[in-house]
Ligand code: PXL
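Let's start with one chain on its own, the form predicted on its own, as structure tokens.
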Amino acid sequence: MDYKRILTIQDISCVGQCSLTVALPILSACGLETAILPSAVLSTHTMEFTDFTVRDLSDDIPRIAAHWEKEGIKFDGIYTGYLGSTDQIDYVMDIFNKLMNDGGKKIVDPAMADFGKLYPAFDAEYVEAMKKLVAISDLTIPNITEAAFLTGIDYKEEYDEDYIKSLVKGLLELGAKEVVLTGVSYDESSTGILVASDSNYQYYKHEKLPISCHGTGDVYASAFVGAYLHGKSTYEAAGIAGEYTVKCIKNTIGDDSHWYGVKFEPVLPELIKVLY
């Protein structure tokens, strides 16, 4: 494996095991030199914590990028997570254009919605801006809700394979070269990931657990990106990340004091073992 440098752009929730506090250790464990560009700093994540602090870093993003450009710093991959505004999406598009090595991968997690609804901070204008970012991506990693908003297809809680393929087709037509659609479940006991490019569809099925935990989307996306840039195929990386995320949730089940995230750190050796 070549020693690759990746940049991940998303917020820092200082406590809560999500966003950059998940991405940095997981990507580093996958053998990647990991640079970060925070979009905001929060004292905690916003789910069930109260009175958290937030500092928007939008004004810093173009200044940091300009410094990197001056220093000749470029990246073999850029992976975006939660972006707080349409301005930040525009900044990311500029970074894609200026700071990517030849052959580098643009990977977009359009973190903006779940369970059929946009996150409170976002609106239709944000969705339109995110479409532009997905359109220039080499690979996008949405959940079903995000795919529905991006394609303009009605969200469904109950669906069949034709519905899922219509979402993926819409994302590919939007411009994404590859799609990794998460949370695809065709029965009560399993869930999985649909990996697609052009007319090639591959489904990876894994165990469905009876609970959900905050931050597992970030754990999955980070593990996927780490495995993918480590040299695994898209389908292999999708499966590795899925199994790792399941193990992280299992490692957290039963610990009622750990309600705010998943205990992913003790499971990192198992991820490393798969990759090396």
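From 1 onward, residues are counted along the sequence shown. These figures come from a predicted structure and were not determined experimentally.
The form predicted together with the ligand is left out here; the points below concern that form.
With the partner omitted here, the residue from A176, L150, A111, I193 that has a non-hydrogen atom within 4.5 angstroms of the ligand in the predicted bound form is A111.
Among the residues I240, L42, A29, L37, the one placing a heavy atom within 4.5 Å of the ligand in the predicted bound form is L42. The closest heavy atom approach of T46 to the ligand in the predicted bound form falls within 4.5 Å. Contact annotation for Y119: at least one heavy atom lies within 4.5 Å of the ligand in the predicted bound form. The ligand is not drawn, but in the predicted bound form it has no heavy atom within 4.5 Å of Y204.
Using a 4.5 Å cutoff between non-hydrogen atoms, Y82 counts as a contact of the ligand in the predicted bound form. Contact with the ligand, judged by heavy atoms within 4.5 Å in the predicted bound form, is confined among 154-162, 111-119, 195-203, 129-137 to 111-119. Each of S13, C18 and D218 comes within 4.5 Å of the ligand in the predicted bound form, counting any heavy atom.
Within 4.5 angstroms of the ligand in the predicted bound form, the stretch 255-272 places no non-hydrogen atom at all.
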